[in-house]
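Just one chain follows, in the form predicted on its own, and it is written as structure tokens.
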């Protein structure tokens, strides 16, 4: 089977790495790919993921059997709708289904209609309405609100506001200055939830949902979750603080209601569904999960720690999802832990440096249970250079989380490029949460 993966980041490198292990694949292509991906797939950097016609021509020319979509933008733009007209198998939700990520307004209304726990919210269509509703929301929730641009904003469209002055500035930036362009034509203002944020990624064929193992992302740029949001600075999996009782609550209140909703609304979602969750009062009697957001694709960098732990053939799982046969699949995972540390360019997530040569990758290749996924690199002959904000995802795998973290950071120290940056505390809050739970038993 010939497979085309769309995307150029660490998530896509991980997907390709996992697909290569399948006995069902014969050749893997990637558009546009990156330096590291070019070692595992045939890349076509001259085509953009927004150029659907050129992608279709590439598929025909190379006799591609299956397209796997990595990032959200092609799904939201309707890549599956476009290619399905030509009877091409695509692992992605349709344009309508992808509204669950592409429109915060659509997603919040869906959650409200089908009883999926989420923060109280209001939708604002104009700047004047937003200013008025902001005052009302702060009266109800003086501890703070979250302002969200309706459309896609590269992970930067949700801003936590502890004061009304900050919120007013955010609303002005989004709706008047249009810092997110048309993505900010409408906004959602919602109650700020407090708790532990986790990621739950699942396969869904419209009838069955199969959750993968849970993980925790680190979105802020600085240690201690300080500074602006990024695309993600690291992740670890699984989460030792997720109890059986909490898993059952997530299934009964969120997953079952999500399935009910996609059937009742004829959404018939098919692909990866990502539940961004906030757990309030973790490990207490009134413990409660809430949905912060839906994503219509694998998370990044969560994929980098989930897929290395998956025992199943990923290609078989993808085919079963497309053919609506997920009920016949049983997922299993290695009884290990994985930690991913993202190495970034100086200045990220604002303006960042590029074209810095990367050293140490060959040495790290020799390390046991360490995988380096390329997120923003280019290859010139046998040398690698930085080409984006997030450069590498360095993954350590071990029998327990402590050793996985140590393995990741040991490898990170061996990789160098000018002004490299990475957080020093990936997974630290996981240990803190576990200690807190044990202290209260």
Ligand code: AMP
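Since the structure is predicted, the reported quantities are computational estimates derived from the model, not experimental observations. Numbering follows the first chain given and starts at 1.
There is another form of this protein, the form predicted together with adenosine monophosphate (AMP), and it is not shown here; the text below is about that form.
Asks: Among 91-99, 289-297, 259-267, 172-180, which stretch has residues whose heavy atoms lie within 4.5 Å of adenosine monophosphate (AMP) in the predicted bound form?
Replies: Single hit among the candidates: 289-297.
Asks: Adenosine monophosphate (AMP) isn't shown here, but in the predicted bound form which of 203, 371, 158, 105 has a heavy atom within 4.5 Å of it?
Replies: Exactly one listed residue reaches within 4.5 Å, namely 158.
Asks: Which residue, 223, 168, 197, 207, has a heavy atom that falls within 4.5 Å of adenosine monophosphate (AMP) in the predicted bound form?
Replies: Contact check passes for 197.
Asks: I'd like to know whether residue 81 contacts adenosine monophosphate (AMP) in the predicted bound form, with contact meaning heavy atoms within 4.5 angstroms.
Replies: No, residue 81 sits far enough from adenosine monophosphate (AMP) in the predicted bound form that none of its heavy atoms falls within 4.5 Å.
Asks: If you check in the predicted bound form, is residue 190 within 4.5 Å of adenosine monophosphate (AMP), heavy atoms only?
Replies: So residue 190 counts as contacting adenosine monophosphate (AMP).
Asks: Residue-level question: is residue 219 within 4.5 Å of adenosine monophosphate (AMP) in the predicted bound form, judged on heavy atoms?
Replies: Result yes; residue 219 sits at the interface with adenosine monophosphate (AMP) in the predicted bound form.
Asks: Given that adenosine monophosphate (AMP) is not shown alongside this chain, does residue 146 nevertheless sit within 4.5 Å of it in the predicted bound form, heavy atom to heavy atom?
Replies: Taking the distances in the predicted bound form, the answer for residue 146 is yes, it comes within 4.5 Å of adenosine monophosphate (AMP).
Asks: Using the arrangement in the predicted bound form, list in sequence order the residues of 109-143 with any heavy atom within 4.5 angstroms of adenosine monophosphate (AMP).
Replies: Residue within 4.5 Å: 119 only.
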